[in-house]
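Coming up is one lone chain in structure tokens, specifically the form predicted on its own.
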């Protein structure tokens, strides 16, 4: 099963790179703030003139897709019907009818789960694991495969950190113990704190990929 997924994911990665689309896979537990982050990200990136699109995965309902569509970006929903993660073939099917060269960035909001999605490559260029300040500082230690697989770990809902007595130093230490390679960002979708720095990182990473592809 994973071998098939990995082959399809590599095919997707090749398609994305050829089209110049930088693809981001957002993973987290339920309620960590993926949709709120993505809605604000889509809105601000379009304001910068960047071309963005999103695919959203949930077990049921199209609620998140409708919410994200308020940004004006093209959005499609995947209802997994009980599957606890997205797979490469589900993503490939939802790409049908889109011209990938129309986009600079494609965001994939994975199903809220800190276990299953860690094993499934979706052809992304960047995997981002979210950790909300409301969840507890030890989540990376409890779910090491997911956080170890991330290129970026984002602390979300930072506007609530004082209210929930979030221990930032303990959280950072847990992240660094499991994913020393990962870039750590701190954001609040509600206040907008850290969102521009997050977008700057995405723009820089895409530019680096584009430069590398031109040299090869």
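Since we're looking at a predicted model, the values are computed, not measured. Positions refer to the first chain, counted from 1.
Another form, the form predicted in complex with a further copy of the same chain, is not on view; read the next lines as being about it.
Proximity to a further copy of the same chain in the predicted bound form, taken as heavy atoms within 4.5 Å, picks out 52-60 from the listed stretches 180-188, 38-46, 148-156, 52-60. No member of the trio 123, 172 and 194 reaches a further copy of the same chain in the predicted bound form with any non-hydrogen atom inside 4.5 Å. For residue 116, a non-hydrogen atom is located within 4.5 Å of a further copy of the same chain in the predicted bound form, even though that partner is not displayed. Using a 4.5 angstroms limit between non-hydrogen atoms, residue 143 touches a further copy of the same chain in the predicted bound form. Residue contact with a further copy of the same chain in the predicted bound form: residue 87 places no heavy atom within 4.5 Å of it.
Shown alone here, residue 69 lies farther than 4.5 Å from a further copy of the same chain in the predicted bound form, counting heavy atoms only. For the partner-free chain shown, 29, 30 of 9-30 come within 4.5 angstroms of a further copy of the same chain in the predicted bound form, judged by any non-hydrogen atom.
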